[in-house]
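Given as structure tokens, the chain that follows is alone and in the form predicted alone.
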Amino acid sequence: MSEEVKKKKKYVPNPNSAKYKLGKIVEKHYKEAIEAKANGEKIGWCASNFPEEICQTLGIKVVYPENQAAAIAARGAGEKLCNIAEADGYSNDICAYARISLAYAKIESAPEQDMPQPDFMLCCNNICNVMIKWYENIAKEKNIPLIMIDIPFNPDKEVSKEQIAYVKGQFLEAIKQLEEISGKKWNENKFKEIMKISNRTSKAWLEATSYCAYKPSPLNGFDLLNHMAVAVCARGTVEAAEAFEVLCKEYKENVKEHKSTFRVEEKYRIMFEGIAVWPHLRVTSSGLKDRGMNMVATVYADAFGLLYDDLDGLIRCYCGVPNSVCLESARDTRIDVAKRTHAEGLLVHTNRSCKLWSGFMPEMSRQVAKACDIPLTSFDGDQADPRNFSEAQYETRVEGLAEVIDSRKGDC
């Protein structure tokens, strides 16, 4: 076959592959929400760490502004929507996800990723307090209800019985409010079934991320950032569980066949700390791959794998997501991940959008690097605003990290 014919040959995706199945789940997620809205159903905008199991049980369609903002940013329109929000008086120092979402609520359409306008907002402050005002503002501007679950910051390593009781009361109240808004009734048996499915999905997702521990890894760690959206929006569905199980099967076969989705020789294994730089995903990914540097550890992807036995266990999980725990707990989790995956260096994204995450990162990453005896570097960026990232700085920092790892290997 000539080179010209090869170029013209159309790529045909494999419908049995995990990548294809996961992509279709996200596509279906938005399509069904748009159709439900057109049919007169009430649609919600939902925070990524609001209990997805509640909406799934009630059969209420919700969409996730964080997912949408990431998609819009990755497809090149982050700056455009940030400018719209800033023209309305929102500071460019506010989270870019929030600015994109506030802009989208105003213009109501974006070809990069459309989703239906909300009839209610679902917020949970286990992510950050910016989210409270972001969702509150949209609820006020749209004159729609806001359902809020308050999960206090936990200064201890364990979640207390008192905290579980406090949050459980809010879970139950949120269910009542959603019944009134949607006209749908709660079914306890269905809730138990949804929890089982959610656990099945989470178990498969966490197994998939665990394959990074193999040397060399059977996957490019950046794959996890792309697949993670399904763990957010469809965790309580059988389709998601099955797709992640296929993903596990593929990674297991890669291990046996000594293959990997990381298409170059794996020379370095690093832990990547923080949210992806969605507007510059290709640059950040290539900057690592070109040096044979594979991301084998991140807590960001694992954060959406929740395992529990009952309602109390579910609440305990939502009380333990990364941004709601103390430095000591966050540090120990990262040390465990870094050691388990044999990470040789730590690359920290100092994310201008995420003040909470980045605020305590210098001290925590210092402690992680010391405990794991690995070199550390950081770069400035933003999860959705492309203006807050320097490719030159990123390249310099990554190159420096590779050189330090090399020198340490030479000393061994």
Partner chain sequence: MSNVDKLLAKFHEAATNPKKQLDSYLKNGKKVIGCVPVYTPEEVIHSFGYVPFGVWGADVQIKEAKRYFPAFICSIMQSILELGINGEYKGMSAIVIPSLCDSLKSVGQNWKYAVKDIPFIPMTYPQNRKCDSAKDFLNFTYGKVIKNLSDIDNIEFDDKKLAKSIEVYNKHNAAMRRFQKLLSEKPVLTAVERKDVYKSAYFMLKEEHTDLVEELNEYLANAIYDGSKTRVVTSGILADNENLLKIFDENNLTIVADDIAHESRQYRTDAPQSNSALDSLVEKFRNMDNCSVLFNKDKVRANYVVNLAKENNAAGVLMIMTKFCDPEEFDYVIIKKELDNADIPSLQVEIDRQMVNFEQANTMIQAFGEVL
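Residue numbers count along the first chain shown, from 1. Keep in mind it's a predicted model, so treat the numbers as computed, not measured.
Missing here is the form predicted together with the partner chain; even so, the following discussion is about that form.
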Any non-hydrogen atom of residue 331 within 4.5 angstroms of the partner chain in the predicted bound form: yes
Residue contact check: residue 351 to the partner chain in the predicted bound form, 4.5 Å heavy atom: yes
4.5 Å heavy atom contact, residue 169 and the partner chain in the predicted bound form: yes
Close approach of residue 246 to the partner chain in the predicted bound form, 4.5 Å, heavy atom: no
Location of the partner chain contact in the predicted bound form, chosen stretch of 286 to 294, 178 to 186, 261 to 269, 152 to 160 [non-hydrogen atom, 4.5 Å]: 152 to 160
Heavy atom of each of 15, 205 and 226 within 4.5 Å of the partner chain in the predicted bound form: no
Contacting member of 140, 215, 256, 282, with respect to the partner chain in the predicted bound form [4.5 Å, heavy atom]: 140
Among the candidates 132, 307, 321, 335, the residue which, in the predicted bound form, approaches the partner chain to within 4.5 Å (heavy atoms): 132
Stretch 332 to 363: residues contacting the partner chain in the predicted bound form, 4.5 Å heavy atom cut-off: 350, 351, 352, 354, 355, 356, 358, 359, 360, 362, 363
